[in-house]
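Starting off, we have a lone chain in the form predicted on its own, written out as structure tokens.
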């Protein structure tokens, strides 16, 4: 097996290949998985996670606390263009009370601002027509 060195104890990848195989097979387009493709996917995933963690540690508060925290990861996902695709997976944590206040404010703002939203939509339509006419 490509995931082990000749000694058998030292592994070239840390992630379990069986789990990665299950994830890969969950795609309807995948019928069979080559052992080399499985190994390379595992190694690439491992290196990506390692890079994300080290980048988050260096650019977060990890050095101050000598630890990597979830907030460091979420801050990296939000601020670094390379990792922005993870923003939905690593959202910033907020307290439930803050979330409820946000929902309440949104609910009140949504009821009062419906006319404003319609005006904004009309302005956007006008801009789109102007651009189409100008070209």
Partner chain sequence: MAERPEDLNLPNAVITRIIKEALPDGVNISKEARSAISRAASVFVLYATSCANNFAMKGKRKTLNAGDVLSAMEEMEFQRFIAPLKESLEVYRREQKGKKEARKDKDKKADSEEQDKSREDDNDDDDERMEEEEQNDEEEVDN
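What you see is a predicted model, and the numbers here were worked out from it, not measured in a lab. Residue numbers count along the first chain shown, from 1. Superpose the two forms; the largest set of C-alphas matching within 1.5 Å is the rigid core.
We do not show the form predicted together with its partner chain, though everything after this point is about it.
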Q) With the partner left out of view, is residue 97 within 4.5 angstroms of its partner chain in the predicted complex by any non-hydrogen atom? A) no
Q: Mark residue 105 yes when one of its heavy atoms lies within 4.5 Å of a heavy atom of its partner chain in the predicted complex, and no otherwise.
A: no
Q) With the partner left out of view, is residue 64 within 4.5 angstroms of its partner chain in the predicted complex by any non-hydrogen atom? A) no
(Q) With the partner left out here, check for me: in the predicted complex, does some heavy atom of residue 78 sit within 4.5 Å of its partner chain? (A) no
Q. Hey, which residues along 28-60 are within 4.5 angstroms of its partner chain in the predicted complex, non-hydrogen atoms only?
A. 29, 30, 31, 32, 33, 34, 35, 36, 37, 39, 40, 41, 43, 44, 45, 46, 47, 48, 49, 50, 51, 52, 53, 54, 57
**Q.** Rigid core fit then residue 54 CA moved by 2 Å or more between the shown form and the other one
**A.** no
Q: State yes or no: after fitting on the rigid core, is the Cα displacement of residue 44 between the shown form and the other one at least 2 Å?
A: no
